[in-house]
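Below you will find one chain, with nothing else, as structure tokens; this is the form predicted alone, and questions on how it binds or moves follow later.
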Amino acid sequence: MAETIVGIDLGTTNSAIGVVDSGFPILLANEDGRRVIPSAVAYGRDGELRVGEAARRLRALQPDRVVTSVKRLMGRRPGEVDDYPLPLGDDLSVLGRSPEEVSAEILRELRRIAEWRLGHAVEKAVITVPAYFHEAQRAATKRAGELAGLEVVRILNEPTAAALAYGLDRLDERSRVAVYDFGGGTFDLSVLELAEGVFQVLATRGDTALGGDDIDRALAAWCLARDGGAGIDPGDPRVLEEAERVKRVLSAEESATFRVPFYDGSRSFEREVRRADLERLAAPVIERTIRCCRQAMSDAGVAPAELDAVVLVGGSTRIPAVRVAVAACFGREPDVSQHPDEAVALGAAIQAGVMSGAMSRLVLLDVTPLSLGVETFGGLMNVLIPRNSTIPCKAGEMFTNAADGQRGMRIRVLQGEREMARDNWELGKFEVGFEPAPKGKARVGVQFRIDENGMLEVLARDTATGRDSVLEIREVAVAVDDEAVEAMVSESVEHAFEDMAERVFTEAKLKAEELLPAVAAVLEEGGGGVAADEREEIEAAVDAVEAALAAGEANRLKSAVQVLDQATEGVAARMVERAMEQALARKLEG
């Protein structure tokens, strides 16, 4: 009998748990028959802890004691989160609990449901996260699982999980699909290829701070921006819950009434809202998702016409305006065959079944969304793992010392798409020591390894001693929000020519600074038997390099360095030959 591994969708708004039973993935329902529970935790004034629907019901009476949308806080740092409905501590704690502790309560409830349904203990889980969750957010999710008493055997990207659910009955087909995953707090678009049971992610784009919650806030603010609404806080949890209710109604009806009863103890507020009003307010949010779609398609090198389906998942895809925008972007009607709230959990259950051995026909190949590398001499970004590389993966490169007598090397780990190190994000750094050696003689091997959960490990090895230094990028958050991730890639395209010019100039300058002193020493000593015409050619080439350096022109400097390198080839060859002859003579004399 295969061991039990459950699949969990830990969502911003709702969560669910599933398992493979008798070869089929199923979601497990609670005592009320609900397969999906609200991601809500209530720390009541009576001291009682409530999770799920019971917590959500308490929100109307004790809005300041009910935590929702905690996923938006996971793995973030102070200053990165705004518009949260409850007061936050300096460490982003809410009601005195860390985001991981709150999330652990949701996971404990899901685990309880599974154990009640299955009749035995559950200890291992696959948990899903948005594809654009960075290292700290993934690590926080894993810690939440551990706090709930679960061994998290895999962190799985949500759109990839949805694609697994979509492709389960299409294992013998070859197809390309885009998964548009628009939930309460996050958005992802992934392009995947399915061929004979192998799921390969071609590209992914997204925003972990973009979701239906943003539409709720915009709707609440608009409804209250009129006479009678001035005394009501649009960020009040009860107001936001009413905005969410109205949004849901308008997904099926043409109009709805936004109500805030007895907001000051005696007065109530009402406003009629039409679907057209909601669509106008939601348009900027929806357009941000469409930009991600276009970028992901470009990254994958796939045209919309080459897709076999565009699969919608996530509760926010119920909004008619979302479906219209997706259809316009991809030139086809979206596939709505998957349950918006259940597809991700079902995919997580499938992956869990593969890992436990309960299912065996699937292979999942995910990708890393941003390039990873190190800073090299001259402030350059040296990419070891390009963006959209299939994971798990590893890559390495050998580096050497840049100066005589150097005793160590700083390994600075970077993430981003720009040519210069300063324009990318630092994920971490550490020092690697080695014995002093002449320039270019010390050797340090650097290896990046990304595991199946998207966690990065950096290993640096001094080849002389075999001593290893290891850095695990698990706790370090990128100190920017997810809009800046999108901006990073856009800027890399916008500044591509000037970035490349600066890289070319820097590389040529480093070569020139190495070549010029060596040439000067040869000319001064007259070594190698430099002829007059040869000296004249070399001196002219030296002048050209120095002029190009002063002018700061990349291509001119690169060409001048190449000319100088060629002009000194003959001298260098004769010097090497003479040194070998002298060494041989000394050996014979000895």
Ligand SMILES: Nc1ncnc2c1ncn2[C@@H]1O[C@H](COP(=O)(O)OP(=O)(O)OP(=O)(O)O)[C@@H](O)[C@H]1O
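When you see a residue number, it is the position in the sequence shown, counting from 1. On a predicted model such as this, the values are computed, not experimentally measured, just so you know.
The following text describes the form predicted in complex with the ligand, which does not appear among the structures shown.
Student: At 4.5 Å between heavy atoms, only one of the stretches 400-408, 337-345, 437-445, 101-109 reaches the ligand in the predicted bound form; which one is it?
Tutor: In the other structure, the partner sits against 337-345.
Student: Which of these residues, G416, G206, G183, G353, gets a heavy atom within 4.5 Å of the ligand in the predicted bound form?
Tutor: Looking at the other structure, the residue within range turns out to be G183.
Student: Flag D213 as yes or no: does it have a non-hydrogen atom within 4.5 angstroms of any non-hydrogen atom of the ligand in the predicted bound form?
Tutor: Yes.
Student: I'd like to check something about Q200: if you look in the predicted bound form, is any of its heavy atoms closer than or equal to 4.5 Å to a heavy atom of the ligand?
Tutor: Output for Q200 is no: heavy atoms all beyond 4.5 Å of the ligand.
Student: Examine N14 and determine whether its closest non-hydrogen atom to the ligand in the predicted bound form is within 4.5 angstroms.
Tutor: Yes, N14 is a contact residue.
Student: Should S316 be counted as a contact of the ligand in the predicted bound form, where contact means heavy atoms within 4.5 Å?
Tutor: Judged by the heavy-atom cut-off of 4.5 Å, S316 is in contact with the ligand in the predicted bound form.
Student: In the predicted bound form, which residues of 245-262 put a heavy atom within 4.5 Å of the ligand?
Tutor: Those in contact are K247, R248, S251.
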